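Single chain ahead, written as structure tokens, the form predicted on its own.
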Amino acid sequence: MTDILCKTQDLKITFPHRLGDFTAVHGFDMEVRRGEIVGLIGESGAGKSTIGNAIMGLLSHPGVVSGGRIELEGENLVDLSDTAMARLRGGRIGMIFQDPMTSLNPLMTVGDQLSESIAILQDLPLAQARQMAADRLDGVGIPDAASRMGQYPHEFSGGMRQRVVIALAMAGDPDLLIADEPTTALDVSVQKQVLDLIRSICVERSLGVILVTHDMGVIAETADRVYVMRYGKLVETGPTAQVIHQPTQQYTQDLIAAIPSIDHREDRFRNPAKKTGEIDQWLLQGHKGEGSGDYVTASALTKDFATKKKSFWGKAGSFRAVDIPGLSIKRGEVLGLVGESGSGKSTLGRMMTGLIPPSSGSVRYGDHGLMTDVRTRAARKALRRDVQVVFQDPYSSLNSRMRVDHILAEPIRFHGLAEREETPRLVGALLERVGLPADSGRKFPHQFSGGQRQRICIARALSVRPRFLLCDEPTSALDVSIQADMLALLMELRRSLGLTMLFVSHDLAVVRQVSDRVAVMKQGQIVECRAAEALYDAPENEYTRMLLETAPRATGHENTQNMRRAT
């Protein structure tokens, strides 16, 4: 048996189109050995997932492998029929997809899905497959696996669902495992658990693993070797430590330099070059002489959500998502809010911006008083103009049927901030202010990249001359280089316009770079709130220390590899 489990040679993947063929992958060479984790990294559109799909025989129509070879222990998969590939898929090659909710059937219990896969792939009676399914769930760390077999995917947390997907990928005891962005939407602690599980499976079963991701920190702590891709081409390859610490190609150097550090602040984020323009004078109108006190203050704030009845005659219960005695944000300050999924971060942020009402307690704005006292139409409009939100997913928060210039012009006209004939010029200036061409407003949201759409969302928030921004996970779906540009833009706007911000994120490195103070949430409560540098350098709460210790670091490869060898 050869040491090389899987390899691609001069691989070319093309998507035919009536206006001309698009080549997604150009002559790509890669090798994967048994017991080895190979990282495949690059920005969105680099071709990473396309290669994984090609190996699985799952290229979306009309994509085809137009050149080269994909070998699994010497057998060329490109020459196999669809029937032959179907036998390999799930049997010898398993795949972990990015979103576990879309790769699990919501109408089937977890036990039924896993049992069915094992029975088909290993040709076993269903009863025996069901017993094996319970063992597999136990093997991936699902507590009380036997009883949880009867639960549906929505009854599992995000991390538990990803563990179920890993168990499904291992149902046929594959030789090769492809993990396509398996930790993108997970918190640092859950992410560490999933990566530890993939590492242990790789070592115990001598699998070959292809880890597809854009997170260099994940690669540094997990992969043995790494392939760096850009525009469908191989840029650089080598042992992970060598590529990270001594990259030879400029693109790799730029990619690593864009990663925000969790261990120290960087001037490029904290003190970006100050830019000004004609639009700034318009944006600053009415912002002068505001003082230096608290801009927003939350007091004894709680939020309860109803839970479903346990029986037809029973009473509905309630779940307390947020319970804080108080929290304030000073004018011109950036307060970072961190915690795991379900900790109440977004709920607290939305209560502090008036998007959802609290169950009890109050929110006070320095210029508007108590939110509950803002009742007249004019007062509500003034508050909505001063308080804006930049959401996590820019595509779903933009109207896909409207051109961008209309999206930006609508709030300006609604609030009567400019004459009708002046509005198009302001819209173009706003787009330029966030780094887009003025004439790009004639396009629709789908014609922009993810990073460009997020810039449009920032421009829309700025269009009403706000004083306070809630940034709810604004960079979680972006590549590191685009993320770095977005953070620099937000911080530069904060300096130029004196904006106050609540920055909600589960990315601890990002929060350190942008925040003056940081509040840490756990199960709806704030367990620690201090100056950012003090909290990161010497956390006082055990939960905060756990979050910081489990966060991936792009410099931690040697220690991780030593731990793997010891294991």
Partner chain sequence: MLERIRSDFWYELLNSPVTVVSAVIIALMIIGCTFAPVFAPHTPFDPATISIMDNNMPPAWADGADPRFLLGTDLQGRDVLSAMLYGGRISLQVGIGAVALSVVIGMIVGLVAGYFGGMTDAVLMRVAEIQFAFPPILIALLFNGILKASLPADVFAQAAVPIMILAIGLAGWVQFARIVRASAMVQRGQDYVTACHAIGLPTVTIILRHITPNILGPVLVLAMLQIAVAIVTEATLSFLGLGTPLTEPSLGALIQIGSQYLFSGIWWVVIFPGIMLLVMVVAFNLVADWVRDYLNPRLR
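These numbers come from a predicted model, not from an experiment. Positions refer to the first chain, counted from 1.
There is another form of the same protein, the form predicted in complex with the partner chain; it is not shown, and what comes next is about it.
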Quick one: of 75, 410, 173, 263, which gets a non-hydrogen atom within 4.5 angstroms of the partner chain in the model of the complex? 410
Looking at 83, 248, 292, 396, which is the one with a non-hydrogen atom within 4.5 Å of the partner chain in the model of the complex? 396
Contact with the partner chain in the model of the complex for residue 282, defined as at least one heavy atom pair within 4.5 Å: yes or no? no
Could you tell me if residue 388 has a non-hydrogen atom within 4.5 Å of the partner chain in the model of the complex? yes
Does at least one non-hydrogen atom of residue 433 fall within 4.5 angstroms of the partner chain in the model of the complex? no
Whether residue 376 contacts the partner chain in the model of the complex should be assessed with a 4.5 Å heavy atom distance threshold; does it? no
Can you tell me which of 411 to 419, 224 to 232, 255 to 263, 433 to 441 lies within 4.5 Å of the partner chain in the model of the complex, counting heavy atoms only? 411 to 419
Heavy atom within 4.5 Å of the partner chain in the model of the complex: which residues of 327 to 359 qualify? 350, 355
